[in-house]
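Heads up, what comes next is one protein chain in two forms, each shown on its own as structure tokens, labelled structure 1 and structure 2.
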Structure 1
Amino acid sequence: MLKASTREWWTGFWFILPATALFVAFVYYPFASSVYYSFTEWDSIRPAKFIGWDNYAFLLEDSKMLQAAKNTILITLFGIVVQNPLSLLLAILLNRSFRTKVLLRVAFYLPVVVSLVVTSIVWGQILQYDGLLNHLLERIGLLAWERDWLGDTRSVFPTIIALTQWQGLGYCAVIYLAGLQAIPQDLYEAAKMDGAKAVNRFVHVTLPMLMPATTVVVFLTIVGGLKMFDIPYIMTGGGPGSASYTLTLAIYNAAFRENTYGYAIAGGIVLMIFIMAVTLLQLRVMRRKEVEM
């Protein structure tokens, strides 16, 4: 007869076997296959031809991919440096007591719940040369500012950046708002009794207590920026030229328009490793500050 511990082991094994099999079939095996195909020249029709590190080497020489990497990093940095402080400021303003507080909270959060497809189509219409924005500029006498906002290489990328930051502002502000409302008011009362001014209370009470929320917001900003796809794909397709290309869009085009699946998979694996490295470093640094708080 089997011992009780052996029976328990086999019972546990049979319970986890289905989940493990599904995980291997749909996660580990596809990932291992992707790693293999990233070392091949493969168009999904003819058999894959092993070419070693050539796909990875070409990533460093492909001007479109390098432009896409530059654009993606700029979108991410802009989100960290500009969107996060703006969303914190917005959260502080919306945390105050005034009559239209709820209405404004809904207004700023609305872009988050609206489909990115709908948002992109509407803004695409507004930003056309004969769109609403240029009509408004004409009405207020700013004719020199009129342009095809999404068709001009000078304006298309700043426009894409502005839209991505606008779309994510409300989401980050909600996280900061939750963090602000979780701060015990006793800390502010104690700081006031010690004679701390408003600026000092913000620096020494609000910011340290908001570090967990800041960690989450920065993490989401980095991940969202590095995998930016929807808005440039729908509004510009990466153009004109490669002015609004992002890494995910370049990988998509390499796979589904140019049929260079092996090269696209190599780009995807490099992007995945880069996102993992950046987010792990960010979490390690910011979590340490939370501990020191």
Structure 2
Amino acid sequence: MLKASTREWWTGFWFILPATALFVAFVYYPFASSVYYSFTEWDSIRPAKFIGWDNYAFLLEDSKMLQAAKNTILITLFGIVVQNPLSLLLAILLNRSFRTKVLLRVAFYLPVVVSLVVTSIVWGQILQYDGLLNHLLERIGLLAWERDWLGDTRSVFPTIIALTQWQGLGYCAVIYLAGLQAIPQDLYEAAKMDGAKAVNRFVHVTLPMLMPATTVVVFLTIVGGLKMFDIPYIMTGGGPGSASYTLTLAIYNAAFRENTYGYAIAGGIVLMIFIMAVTLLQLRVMRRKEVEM
């Protein structure tokens, strides 16, 4: 008996070895050595010099970094507060059976399929001073609204936020749609029999049954928002000034523009701890709600 289970153990070991090796080599080891480098002054050419917490202390005084942190948090918050309810609404609309359903689903999912690189370039051109949006505004007589959407310190960040929401909406809606379709129909019929109105059916049947989907959507929104890179990198480079800076962009620049690798890594570590803390908290709070239903 003992022998059989030992053999099982070894089989398992060989089965799981390739995945573990790959994971340790390309995820865990780089991460662990990053933790070390975050305490050093390092330009990747000369050997790293240990400087303790200095990088972390400097992060708190770096106005560009703080601006980037503020922007990143705002993008994420908007994702949770605006994009989530909108995508749920969209999913409910798409779940109704009408003829154009398939076409609509495809339409909303397209921004997910088409890369951020391409959509950023297209939107960048649409939002130029002599671009499509301003031409349209002129057409409908809103000349006063015309501006260089991405070049104006006041409008650049709201524009970037709007675009991140545009990009993520379809994906979230599809997950909600999946959740909606998994709800057994007889629950609604039972609620109807009890005389529950549409609003009540939504609050007492749909929402609780959608909690697992909500957990997934919020999780993805947080992780995606905190890692936002492509859109600001391509459209504005973080500018003008640091108005549309995000954390990953700031970390990228610190490493590959300014060659302050140790500092950049410290920024990455803080971002990671932040993501971990927020997602753990989120999962904890939301899982509890799932159990309650």
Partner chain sequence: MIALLFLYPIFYLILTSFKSPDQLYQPLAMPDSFYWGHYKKAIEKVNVLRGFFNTFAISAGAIGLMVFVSSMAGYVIARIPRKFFQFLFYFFISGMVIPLQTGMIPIFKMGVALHLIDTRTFMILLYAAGALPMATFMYAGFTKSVPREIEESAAIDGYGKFRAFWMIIFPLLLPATGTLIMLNIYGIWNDLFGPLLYLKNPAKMTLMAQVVQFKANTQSIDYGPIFALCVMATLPLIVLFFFTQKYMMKGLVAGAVKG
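By convention here, residues take numbers in order along the sequence of structure 1, the first being 1. What we label the rigid core is the largest C-alpha set whose atoms superpose within 1.5 Å from one form to the other. Remember, it's a predicted structure, so these values are computed and weren't measured experimentally.
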item: Correct structure when looking for the form predicted on its own; value: 1
item: Large Cα shift (2 Å or above) at residue 26 between structure 1 and structure 2, core-fitted; value: yes
item: Rotational displacement of the smaller rigid part between structure 1 and structure 2, which moves against the larger, in degrees; value: 11
